[in-house]
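Below you will find one chain, with nothing else, as structure tokens; this is the form predicted on its own, and questions on how it binds or moves follow later.
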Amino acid sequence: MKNIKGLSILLFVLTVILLPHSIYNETFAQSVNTNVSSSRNRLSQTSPLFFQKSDLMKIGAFYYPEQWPHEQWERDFNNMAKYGFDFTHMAEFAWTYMEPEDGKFDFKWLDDAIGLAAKAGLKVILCTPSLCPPAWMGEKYPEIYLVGSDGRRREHGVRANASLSNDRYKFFVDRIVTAMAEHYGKDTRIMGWQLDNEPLATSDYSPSARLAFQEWLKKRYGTIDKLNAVWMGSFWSTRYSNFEQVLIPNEAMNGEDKLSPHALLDFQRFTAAVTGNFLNRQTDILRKYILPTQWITTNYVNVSTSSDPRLSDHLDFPSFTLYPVNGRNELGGINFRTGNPYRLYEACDYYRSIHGITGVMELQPGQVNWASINPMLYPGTVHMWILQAFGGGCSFVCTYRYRHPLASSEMYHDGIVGTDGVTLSQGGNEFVQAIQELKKLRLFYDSKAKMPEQIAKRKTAYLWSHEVMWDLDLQQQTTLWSSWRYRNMYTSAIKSTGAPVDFITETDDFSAYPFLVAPAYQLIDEVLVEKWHQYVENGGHLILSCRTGQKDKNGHFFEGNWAAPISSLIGANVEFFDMLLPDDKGSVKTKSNTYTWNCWGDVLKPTAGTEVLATYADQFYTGKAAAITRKLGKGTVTYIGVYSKDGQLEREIVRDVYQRAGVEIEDLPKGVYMEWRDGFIVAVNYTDQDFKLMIPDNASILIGSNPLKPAQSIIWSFQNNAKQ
């Protein structure tokens, strides 16, 4: 069998060498794309084969057999199983070991590791190694490397250094993925595949990328005249005569002048599309060989900024990486030890919403090596994150990594066990604790459990677009603007109500949600505005905020008043917008409170029938409207035109929208979050204060205690009898 596999790989290589790359790419694309249409619908048909709901959540840990003596592998896998881990993860950076020479493959060592893991009772996630091309590749073909904005080519010795647009590099990736798929695709010990690692859609300025960008633009615009119109080629004589003249827009090489924001937006779109296609390409190869029970994912970073996970739409589902403690202190006190309070719930809500399944592929096990400051975690923190991931709907949590490394770039990065290879770290003990508690929770699982009506009435959609975020970041207009923190501000306000949240797109069904929030949704068209109108008129409650509706989908202003297409929707005109200096503080008043702002303020002129919720209390526009609401049909639309300093204004108004709609809500402080999942309610506390939760008398606390202490979690349900 191995000789047959070797022969097939050899024939594959010879075919590619003999054919021109352009012919090869077309032929290969035709062969793998036969599975594309079916793969997009595969999830709904086979997801029960991936994760059984009664298992609740599986727990695993990364292991690097190539980094440790062979004689220690069996001990490590046995200990991993003894602690209760369900699976391990291998091979993501091991290309040089699987293909030590060009076209010569060695899976013997990996076979041994998988065999020992399976013997211990562990399933395995295999990872394609495309993030780390081996030295021989760059030595022979230096054109495979990415070129940075500084014009310098990346070299061997780091990761993520290859050009995803380069045909030769894509050939090598295709070949190693094919070899792995042929070797392990029918192996029942393999539970799933992770592609690459933390795909970031890194900007590439190489010759390969320039040619690919030109082809992408041809397909997008069709004619050079249309591109010139969108990029405003009449400005500064920047028009092109043909697509071959187009350069990659590179601000780092163009001094103080600003490049066309429309060109920069298109380059961001292109870069994200290249990354999505790169992942789809690997998925399509694997799909031809693997068992239907083996799933395919990749691990994006938090709510990814540069890459758009919805573009890698051939995956079975996306997963994510999460390192919450990174040298920041969002809430004060001990929060620098419990982590960024927004990241985990946002990632769960975002990635789960794409295909209905997600998991944490990398969860911080303790101290890390890469942050600006790397403090020790507060006891209980890792355990809290694991249970929060469960509450957020994750099907698995995997930690990076099992063993604490002894050398190289990540030698200060904690593992489940310490530097002796056997002693559990603080985070390791907390993983073991969570593993044992999940076993207990499985006894209380009820397949018929339904979300309580009180919680379902709060269900909220967060309208999200990477293109909107990219456009905001391209023209911030003030150094105080942060799209990431602005999102945190609104999701935190929503979460304070205890509302379940899904991140959705413009093409999704708005009517499935009583509440829809779309902060700073800058790029719009008539279709979206009409969809908002219909949503509100049919009874939905829409919350918009400053900067919404300023531009069309090409990033151009409308020929009319500011945000003219939404004026009739919000019941007001945006007269102008303002921003203050970093040390300045403007004031905004509601009926009950006064808040400060300095980043952004839309000054509004309401029309008849629109209620003013907040007004500016100083500047030359004292008394002008800063936030408004109106009834429209059966629903309401609220516009919050000011970006406050601490998010408390937004919190007050967002909560008021739910209460005016007659919906009962929680009153959770920032840093305390509550989720419903499969009949369980999970709450966690990122703050340094105890918090008393309002738990019904007929509920049973299964894990934790009330009041909820810092860095602790609590789970309760209304099921009183465990299954025997």
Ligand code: GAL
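Don't overthink the numbering: it's just position in the shown sequence, from 1. These numbers were taken from a predicted model, which means no experiment stands behind them.
Quick note: we don't show the form predicted together with the named molecule, though the next part is all about it.
Site annotation in the predicted bound form: the residue of K459, R220, K589, R159 reaching within 4.5 Å of the named molecule with a heavy atom is R159. Of the residues E530, E410, D187, E251, just one reaches the named molecule in the predicted bound form with a heavy atom at 4.5 Å or closer; this is E410. Contact check for Y400: a non-hydrogen atom falls within 4.5 Å of the named molecule in the predicted bound form. Mapping the unseen interface onto this chain, Y83 falls outside it, with no heavy atom inside 4.5 Å of the named molecule in the predicted bound form. The named molecule is not drawn, but in the predicted bound form it has a heavy atom within 4.5 Å of Y323. Interface membership of Y97, defined by any non-hydrogen atom within 4.5 Å of the named molecule in the predicted bound form, is ruled out. From the list 107 to 115, 273 to 281, 365 to 373, 615 to 623, the contact stretch for the named molecule in the predicted bound form under a 4.5 Å heavy atom rule is 365 to 373. Contact residues in stretch 180 to 207 (any heavy atom within 4.5 Å of the named molecule, taken in the predicted bound form) are N197, E198.
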